[in-house]
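The data below hold one chain only, encoded as structure tokens and taken in the form predicted alone.
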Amino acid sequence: MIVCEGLTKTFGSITAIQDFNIEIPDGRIFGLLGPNGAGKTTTMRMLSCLIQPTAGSAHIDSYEIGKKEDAQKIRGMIGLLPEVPGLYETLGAYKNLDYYAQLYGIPKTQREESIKTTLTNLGLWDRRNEPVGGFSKGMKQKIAIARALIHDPKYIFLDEPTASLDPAAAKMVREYILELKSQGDTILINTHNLSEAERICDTVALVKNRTVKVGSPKELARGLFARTISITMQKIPPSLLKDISSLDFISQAQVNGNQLVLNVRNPEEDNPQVISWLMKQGLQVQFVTEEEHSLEDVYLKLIEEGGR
């Protein structure tokens, strides 16, 4: 488990992140979302023991960030994909990974097996001996991801994992991340790709130099926006709007063409009552849908409010 309590980092007079609070259970995918300069990468660097926090505390399992005696143990437990891949460009993909695997003290047989499996999963095994300096940005990114996973870490920190990848490669990486989760790994992702975060993250934290909001994408949307259902009908009589507004579980009603748009408390419970009421009035219902708010809607609203 990863726990941050009041985690803060300042650089002189500049506060990169302040009073940051999260809790990430094992086996989950957690996303850090926020604008450039919001403190996401700084937070990831602190958790990786690359920089010291200014205040607050953070623990990975029983080890504490900022304690010199715990730093090496934490680094051995995590795999890090940084913003810039930083590969040895005159070496091939295989030799790049083999070098880092040796730094982690992985035996030769295990290194060979792990490198082959990882490069095969990422579609790079056939090009393992080519110097990576001639590879595309996307291919370098995939090798950097492989490097982060070479020692089979329990915790995986990925800073923009699908940056520079084409749609097919990005899909492959997303599926690989979900596979890692299914194996019990814990993944922390820093990303600007909101649709990607919505697809794979169990929980997200919206940050703007502090914790703005934490929750699952659906929880955040439901806590921020009214629950709205749209009912498409064959015919809407003029008196319907006034009559249906009298129902106590409807907070707002409006008509948009042949659609009746209602704000309700709980669609799962209220929808059947609405449909039953409409049928008793002799009206024909064609479709019922709930308005869905994307993570982008949540992000834009909360980040705007968080900056006030």
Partner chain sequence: MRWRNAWIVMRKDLDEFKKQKLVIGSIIAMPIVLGVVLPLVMFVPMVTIVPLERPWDVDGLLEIGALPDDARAPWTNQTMENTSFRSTVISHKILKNTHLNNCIILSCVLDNTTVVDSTIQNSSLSSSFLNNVTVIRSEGTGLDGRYVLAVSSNLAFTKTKPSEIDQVLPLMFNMVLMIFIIIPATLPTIIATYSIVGEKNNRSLEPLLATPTTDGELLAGKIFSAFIPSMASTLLAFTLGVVLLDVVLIPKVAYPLLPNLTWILSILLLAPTACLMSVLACVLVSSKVSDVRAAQQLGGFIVMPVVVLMLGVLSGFIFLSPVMIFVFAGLYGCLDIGLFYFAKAIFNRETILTKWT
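Numbering follows the first chain given and starts at 1. All figures in this text were calculated on a predicted structure; none of them were measured in a lab.
As for the form predicted together with the partner chain, it is not shown, yet the points below apply to it.
- Within 4.5 Å of the partner chain in the model of the complex, a heavy atom is found for none of 127, 140 and 183.
- For the chain shown alone, residue 102 is a contact residue for the partner chain in the model of the complex, at least one non-hydrogen atom being within 4.5 angstroms.
- Interface membership of residue 275, defined by any non-hydrogen atom within 4.5 Å of the partner chain in the model of the complex, is ruled out.
- Mapping the unseen interface onto this chain, residue 123 falls outside it, with no heavy atom inside 4.5 Å of the partner chain in the model of the complex.
- Heavy atoms of residue 95 reach within 4.5 Å of the partner chain in the model of the complex, making it an interface residue.
- This chain lacks the partner; the member of 91, 200, 231, 169 within 4.5 angstroms of the partner chain in the model of the complex by a non-hydrogen atom is 91.
- Only one of 57, 266, 52, 252 comes within 4.5 Å of the partner chain in the model of the complex through a heavy atom, and that residue is 52.
- In summary, the region of this chain contacting the partner chain in the model of the complex, judged by heavy atoms within 4.5 Å and restricted to 191-199, 113-121, 210-218, 70-78, corresponds to 70-78.
- Residues are counted as partner-facing when one of their heavy atoms sits within 4.5 Å of the partner chain in the model of the complex; in 1-39 these are 9, 11, in sequence order.
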